[in-house]
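Given as structure tokens, the chain that follows is alone and in the form predicted alone.
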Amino acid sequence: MRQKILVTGGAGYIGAHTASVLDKEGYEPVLLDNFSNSDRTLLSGLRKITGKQITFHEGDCNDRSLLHSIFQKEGDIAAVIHFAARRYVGESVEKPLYYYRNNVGSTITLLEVMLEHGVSDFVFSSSCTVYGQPDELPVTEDTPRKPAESPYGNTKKICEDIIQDTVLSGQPIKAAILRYFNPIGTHPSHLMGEVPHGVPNNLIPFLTQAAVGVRPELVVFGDDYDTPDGSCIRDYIDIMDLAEAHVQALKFLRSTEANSLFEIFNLGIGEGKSVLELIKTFEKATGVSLNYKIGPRRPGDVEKVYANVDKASEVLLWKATRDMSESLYNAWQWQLRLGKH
């Protein structure tokens, strides 16, 4: 019998790709989403990829009665992977209370309902934003967290602390905190990818939209940083590698006999690539010439950050295997499916 895994934010970019891997690995994903960050496009792609009508519940993780009804209706949920959160830095600056109520409140409510229903295994979607601009690179899981640059980043820090305090209190929660870096790419079938709402906040959908003509050009924010080519450096990880890491984290939690557990894992490729390097790689992988210009630095941007992923390799038996060229080619094919939308 396949174990049911509740995936909050399951219709989103990372959630839907993780659901596809869960299904492939013999689990039964149960999705929950309110479509505030997503739409039904990825559910259709997921259905085609899996050949199954994946169980889906529409609603908000802050809705305690809805969560109770899902746990009761499904009956035997084995674990929860929690993606659901608002994730736009600029919006969080404008609406901090909304972000705290939504991101932090939903995590508290979910943990409470899990405990009431005797579900202990919890994989939490965190972010490398908690490191800010680190003093040393690459960052390890022991690298000190810096003050958050935005309410969004602060919600990730606060949620990590809430989960850790819950575990330290002796509550039967086994938690894997996954701090990931910059997800890019799509499912290799090109049936699922990133679907931005309005003007994209992330680099890759903006880049592909510029390449297809939806945007007039791509702006590179700054070429005067202390990096080899002057542009910011990030750790870009393929979405399928990232999705597979969530399933490995789940297997790790399911295999441990501890009553309570709190472990943090960095998820990246362990290597930094600059924005200008990424642009050149995209052009080479796709044969498309990109219209871009250099603009001023963007306030709050970190100069460079990339991960040490030794812990994930040793404990989760996971390592990123896909290269940037493959990720960017897949992202371009997805954009061609979307067209000029």
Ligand code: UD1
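All residue numbers are counted from 1 along the displayed sequence. Everything numeric here is computed off the predicted structure, so don't read it as measured data.
Although not depicted, the form predicted together with this ligand is the subject of the following passage.
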Checklist line | Tyr152, Phe252, Phe265, Phe124 - the one with a heavy atom within 4.5 Å of this ligand in the predicted complex | finding: Tyr152
Next item on the list: With this ligand left out of view, choose which of Ala210, Leu203, Ile108, Val167 has a non-hydrogen atom within 4.5 angstroms of it in the predicted complex.
Entry: Leu203
Notebook entry, point to check: Based on heavy atom distances of at most 4.5 Å to this ligand in the predicted complex, which listed stretch, 67-75, 136-144, 98-106, 234-242, is the contact stretch?
Noted result: 234-242
Check: Non-hydrogen atoms within 4.5 angstroms of this ligand in the predicted complex: do Thr129, Asn182 and Val219 all have one?
Finding: yes
Check: Quick one: is Arg298 in contact with this ligand in the predicted complex, heavy atoms, 4.5 Å cut-off?
Finding: yes
Margin query: Against this ligand in the predicted complex, would Val275 count as a contact residue? Criterion: heavy atoms within 4.5 Å.
Written below: yes
Margin query: Test of understanding: in the predicted complex, would Arg87 fall inside 4.5 Å of this ligand by heavy atoms?
Written below: yes
